[in-house]
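Laid out below as structure tokens are two forms of one and the same protein chain, each shown alone and named structure 1 and structure 2.
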Structure 1
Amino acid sequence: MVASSGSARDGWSSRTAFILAAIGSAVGLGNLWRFPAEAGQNGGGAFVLFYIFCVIFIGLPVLLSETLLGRHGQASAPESVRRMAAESNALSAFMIVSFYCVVGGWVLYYVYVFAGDLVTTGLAGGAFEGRDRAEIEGILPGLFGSARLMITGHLVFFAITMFFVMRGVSQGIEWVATWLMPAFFVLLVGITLYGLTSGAGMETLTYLFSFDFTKLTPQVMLAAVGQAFFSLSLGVAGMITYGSYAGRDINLGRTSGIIASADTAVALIAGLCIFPIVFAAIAAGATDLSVEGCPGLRFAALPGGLQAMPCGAFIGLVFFIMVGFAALTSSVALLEVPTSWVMERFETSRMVSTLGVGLSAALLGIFAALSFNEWSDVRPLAFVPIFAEANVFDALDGVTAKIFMPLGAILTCVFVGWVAEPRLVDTENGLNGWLHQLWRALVRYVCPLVLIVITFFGLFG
């Protein structure tokens, strides 16, 4: 057990550990589940291109600002930004982790289903051999419809997350990231290459990369900004917290570039992986799968896609285990934000803080899990037009991605660009010459303005 008190600060054991942990935090269900689903719901190519634009011109400068702010403060995030944003950041991470672990629970359920299938089918067979389409496609609705399964999956995933947060930074989080992230990447690329060559490769490329200007509405733009922040773990003090464990020898400018590139690559590859399978399933006459409106896109489509694949049962099992690991490196990072805040604010031990924060977030998550069944017609934000149709799950997701994250990012930019002493900021960012000038201009003017405009028109336009 490390860092049992708020004052004894634990840190990354090496530079590589920090980079891997930060990538581990960024790469998760945001890339694998949320990105394909958002791209599908927001018109494909237009969304994807604007997303990439957001990552480069907004996400990256904010990412550097957050890590810098974290290391500079050498305190957990909300402590170092207390004067401006304080509690709101830890609160958003708290809200995200609650529904994030619900999706983590879906992954666990699929691991369970594929494991059972592997036992019946054997190593060489395709997934779900001999079972018909309807049955395979019934897996997801079957899971969503059962409050018991949803809550169990959620709580198990939450317990695993709490276990690693309790162990502290270098023993817990870092271990997960160093061992599991590289393995995940290899598998993802493998399955994608298979899908592209054997499925609807061309159709996918056209869908994801052809740009239709008319589809770029303010709502689509806000969704893209929200997705960029969600995916890069920004706007909720995630990277501030991780930056606060980073040593002086780390070049934050270069590191931010690596994190953003890796995260974007995984999101795009995930798109290339999921859509061929979805299109193939649609072409085969699978009825109720549509590209536009399925929150569980990946989960619904993948089992069918793996049916024809040699060793499909085995690959499916390994794949979902990997997705689970990627999700875990993010959920651990998420829970770390409010946990370290409580540790410092109330001077509690890591153990007490993890338990208190974790159990409350897990409870909130139960309501999110019920959104798909018992509470499917509860509309907590019915009075807010753009969230009028949202159930508890969608409300937690929508409010954090579309309001709190942009707001958190605006505050970070204002603080780093205008309030913090320029001397400190300038010597710490690891950038020289024109890159440095560009970054400063983006942080001071472009990011806050663009964010205010997009958020405003996305919400009210």
Structure 2
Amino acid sequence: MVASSGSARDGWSSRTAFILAAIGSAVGLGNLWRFPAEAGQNGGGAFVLFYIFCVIFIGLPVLLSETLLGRHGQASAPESVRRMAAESNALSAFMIVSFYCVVGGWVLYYVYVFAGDLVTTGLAGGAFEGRDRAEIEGILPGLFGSARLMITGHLVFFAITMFFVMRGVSQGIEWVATWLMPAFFVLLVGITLYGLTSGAGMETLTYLFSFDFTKLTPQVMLAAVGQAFFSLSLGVAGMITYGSYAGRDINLGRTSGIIASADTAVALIAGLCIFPIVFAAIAAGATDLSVEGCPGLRFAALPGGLQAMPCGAFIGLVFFIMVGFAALTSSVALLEVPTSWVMERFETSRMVSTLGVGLSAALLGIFAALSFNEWSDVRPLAFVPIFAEANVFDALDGVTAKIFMPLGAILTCVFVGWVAEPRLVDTENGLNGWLHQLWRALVRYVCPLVLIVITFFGLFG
């Protein structure tokens, strides 16, 4: 799927651009949506501690392996395993971006809702003044019930994604990363400070960072491993593709550490951003709100929590704009993976490849969007027991998360750890001494074993 960086291949203008783009690929809805919900469902602090452990000893080694595989690309003799990993990941990215942009459409809708509310209530007022809790909670079901709104939001978000992928690496993807990621971080920190000072800050700190080891059950540990894997966007070839555009002057070991650290920091800050607002609303008497649930935590509980807070409409608008930035950087990375694969496999132009892949994925996404309304009873994988009750959206999510993503990561580890020539791999990873030995042991033994366990329990647990 990928080739080594060459003169004929578009690439990053600088190391900073590569880091920002890679962080943008990793940071997305997995951090802002899934992490707080997973922490809420799995006991808070115990989950957070083990999640950080998993990022360091499982996520980071696989992340480095993917970027290394991308830059090293076609330099190794035994290509079969590498190609299997690349093609599995490209298919996974294609399927994920199809339903990921459906969720991106939800974000656009909430930007529209909060913008309208801000006009009505003014800057200083709480969100949705004069509206009862049932009406606020009905926003998301109302969106789900409208095929027109769901499809429109999905297609608009997908069109924006295609626009930037079509512009290429330096003029499109890099522009998104270098402008939107700094803006995202500024907005995230600003809203988090607002939530901690205006909401239940101390309760949130206690919840997220008080480690009750009695809550560290096997189920919580598996959830933490899965979240670390999902949050870093591993197994979808985003890092392989972005690594293929990286120059030889970039130290992949150090850069991977920066990417993993930034991604983890965003996940933790997202918890500090969302939980204070929800906890404060619960303390004020909103007994129908909960810190558990996905997508309810962000799309239902958070808007409800903002109702009782000053500047709630403005904060809600800024929050969903920020989420939109993060979602776009990730959707661009996801679409770039199959687009790059098609470009090199069939020797087509970027425009033709983007249109072909993008329109196909957008069409698949329409079916996913319809699974919340007209097609809610359609079960495309009814013949597979574990997906028998899954609609189109859930089937796409389940197949990629439980099969293709871990499979792609396992194949990457097998290729880097066992197939690729050690001398070539050693010169690429940017590590020395005990760090290099630890990384090689993790990639060879620990990461594949853990990924196999995750896959087994995901399919049969």
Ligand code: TRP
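Rigid core (definition): largest C-alpha set, two forms, superposition within 1.5 Å. What you see is a predicted model; the values in this text were computed from it and never measured. Residue numbering: sequential along structure 1, first residue numbered 1.
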With both forms of the chain shown on their own, indicate which is the form predicted alone. 2
Core-superposed C-alpha of Tyr242 shifting 2 Å or more between the two structures: no
For Ile52, is the C-alpha shift between the two structures 2 Å or more after core superposition? yes
Leu193: with the rigid core matched between the two structures, does its Cα shift 2 Å or more? yes
Superposing on the core, what C-alpha displacement does Phe275 show between the two structures, in angstrom? 4.1
